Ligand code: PRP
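In the block that follows, a single chain appears as structure tokens, in the form predicted alone.
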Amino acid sequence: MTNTITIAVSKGRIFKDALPLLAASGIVPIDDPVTSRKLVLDTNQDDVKLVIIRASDVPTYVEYGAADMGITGKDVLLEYEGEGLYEPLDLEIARCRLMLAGPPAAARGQTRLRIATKYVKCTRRYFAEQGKQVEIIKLYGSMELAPLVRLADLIVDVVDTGNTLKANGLEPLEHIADISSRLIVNKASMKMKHARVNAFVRSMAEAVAQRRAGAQSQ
């Protein structure tokens, strides 16, 4: 199976948005990820397999060689800070923003803010660059609840439409980073399977360019 290419893809929205790009690159899953209980999905190419896993696990699988390539969000990569992978392509899908958000007046007069987030490293780095010390509380979900129950003053989270923030009386306050899904590659796979990996990266880049051109023509 040394010639097999394994691609780890984040579950949910990223997988759904990545399917047309994969199809344009000639890769279509045979197994239905919704109904199949298989953990490794076969595709129309015998030597290409898909592994559908949690977004936060994708860079780990790729860095340690369990997958040759992966598709995950830039927010995950910013938090991961791994060294065993390349990031050759912005797929321009699943776009959102990493934002500091909270009640409009939450930061006024505060000397040491409490920030709730699952993006601990990104948040610490962002405030360190401003020379500010903050207390970071790690949460895994329902981030908007933290300011409402006074667990934290502000939150750092990914924002798409902003409707959830607005519904809970919060608003985006500071932009931290633009987020989209990225193609990542294991360093050893780039060397040992250079031709195959490079061909896939090129075909995905062409698919992204075609998608972009189609969107611009509408």
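Given the structure is predicted, the values throughout are model-derived calculations rather than measurements. Residue numbers here begin at 1 and follow the sequence given.
Form predicted together with the ligand: not shown, discussed below.
The partner is absent here, but in the predicted complex a heavy atom of Val158, alone among Met190, Val158, Leu41, Leu173, sits within 4.5 Å of the ligand.
Note on contacts: among Gln45, Thr164, Thr60, Ser36, the single residue with a heavy atom within 4.5 Å of the ligand in the predicted complex is Thr164. Taking the partner from the other structure, the ligand in the predicted complex has no heavy atom within 4.5 Å of any heavy atom of Gln133. Among heavy atoms of Asp90, none comes within 4.5 Å of the ligand in the predicted complex.
Taking the partner from the other structure, the ligand in the predicted complex has a heavy atom within 4.5 Å of a heavy atom of Arg13. Applying a 4.5 Å heavy atom cutoff to the ligand in the predicted complex picks out no residue from 51 to 78.
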